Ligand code: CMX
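Shown here is one chain on its own, the form predicted alone, set out as structure tokens.
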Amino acid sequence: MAEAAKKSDILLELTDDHLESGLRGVPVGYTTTSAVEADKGLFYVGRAVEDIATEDPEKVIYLLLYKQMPTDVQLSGFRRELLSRASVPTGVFASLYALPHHGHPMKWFIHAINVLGMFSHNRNDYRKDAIDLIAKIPTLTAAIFRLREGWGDPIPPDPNLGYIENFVHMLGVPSHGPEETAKLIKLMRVFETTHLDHGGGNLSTFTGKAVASGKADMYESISAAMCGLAGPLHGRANQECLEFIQDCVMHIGADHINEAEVRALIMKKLNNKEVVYGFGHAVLRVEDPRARVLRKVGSEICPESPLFKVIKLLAEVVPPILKANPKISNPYANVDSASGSLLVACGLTKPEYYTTLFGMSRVVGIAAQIVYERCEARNGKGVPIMRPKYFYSPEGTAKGEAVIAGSG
């Protein structure tokens, strides 16, 4: 109760400085799945993500849904349930064939989730819809790759494969032999677990929960969440980070990558007022543990990749440089610094798809949070429809302080 009272006290300290600030730092509720602690890192149900990043993805998905790690029996049953629901109605694929190929993959992804809801809707049973969507989202994502890239028709799930192994199987990357496939599976298992959830207040999660508060179904709510994820300031940041690292390799030269060259290039970019992508975080004040996890995977699957060499050196070189600027609160590498470059090294070379992979993972955490807010919060009554207060002011920010001062 003391903790709850402390959180309530924060609400009494709101000032005009909180307006038009993207609700940063303004508490609005609880999350039962994950927490981002500024000086410690990311935790799933109290477990450091760095400690469980290499667990079977099904275990971590179960943890987010049921708030405990599964026993062997529970895990076996959960896997069977996911596999039993993994097939996607052919009508969903039929709608994908009609989409323009120049449309961004995230637009396809959002469309696919929305259409899936027309076939798989469980009459506002958020729990059933959460499991159904989590089971089917790898199948949808793989189909989007195949149809947009002309790799052939969607590949059905294999009942003998695990969650991520099935996803890579359904991708069916034409250029991959057994060795490349094994590397991609190893990367995607960790990519999945490290991207599953990230507290309750990031744009995509908050958007999904806000839409669900109006009792939109799970598919409508997740579609809205993915619209939030699609923007360059959120999910598409991994695409921009990859392009930045590719630019670094081009300027230095793949055969001349070393600490001195990387340091000189970063100093040049900063002096030219250019953005150094992949560093900083809205909440964390330490290095993103997900970045460390992904660099460790990179050292195992692609240590000689020029992109990976740059990633590793940037993580060493950039923080001391950025620390010299007192305006920078977090100079450390974030998860986006590594993810895109490792995907390239594993044969997925088109960055426009990376946000769909992010979305495939994040659907899990957002769905779990929606289940809590709709089915469990407030002793089962659910969180009421979102309705924040706005102050009327013809001049906006210029008159905001006066309006609040007179609001009593």
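Predicted model only: the values in this text are computed from it and were never measured. The first residue of the sequence shown is number 1, and the count goes up from there. Just so we're on the same page, rigid core means the largest C-alpha set that superposes within 1.5 Å between forms.
What comes next is about the form predicted together with carboxymethyldethia coenzyme *A, which does not appear here.
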Q | Heavy atom contact within 4.5 Å of carboxymethyldethia coenzyme *A in the model of the complex, the stretch among 105 to 113, 123 to 131, 67 to 75, 276 to 284 | A | 276 to 284
Q) Is there a heavy atom of S95 no more than 4.5 Å from a heavy atom of carboxymethyldethia coenzyme *A in the model of the complex? A) no
Q) Should T207 be classed as touching carboxymethyldethia coenzyme *A in the model of the complex when contacts are defined as heavy atoms within 4.5 Å? A) no
Q: Could you confirm whether V249 comes within 4.5 Å of carboxymethyldethia coenzyme *A in the model of the complex, counting heavy atoms only?
A: no
Q. Should A260 be classed as touching carboxymethyldethia coenzyme *A in the model of the complex when contacts are defined as heavy atoms within 4.5 Å?
A. no
Q: Could you tell me which one of L147, L322, I301, A291 places a heavy atom within 4.5 Å of carboxymethyldethia coenzyme *A in the model of the complex?
A: L322
Q) Using a 4.5 Å cut on heavy atoms, which of S213, T139, S305, N334 is close to carboxymethyldethia coenzyme *A in the model of the complex? A) N334
(Q) With carboxymethyldethia coenzyme *A taken in the model of the complex, which residues across 306 to 337 come within 4.5 angstroms through any non-hydrogen atom? (A) L322, K327, I328, S329, N330, N334, D336
Q: Determine whether the C-alpha of A143 shifts by 2 Å or more between the shown form and the other one once the rigid core is superposed.
A: no
Q: Classify Y163 as shifted (yes) or not shifted (no) between the shown form and the other one, where shifted means its C-alpha moves by 2 Å or more with the rigid core superposed.
A: no
Q. Would you say V276 moves between the shown form and the other one, meaning its CA shifts by 2 Å or more once the core is fitted?
A. yes
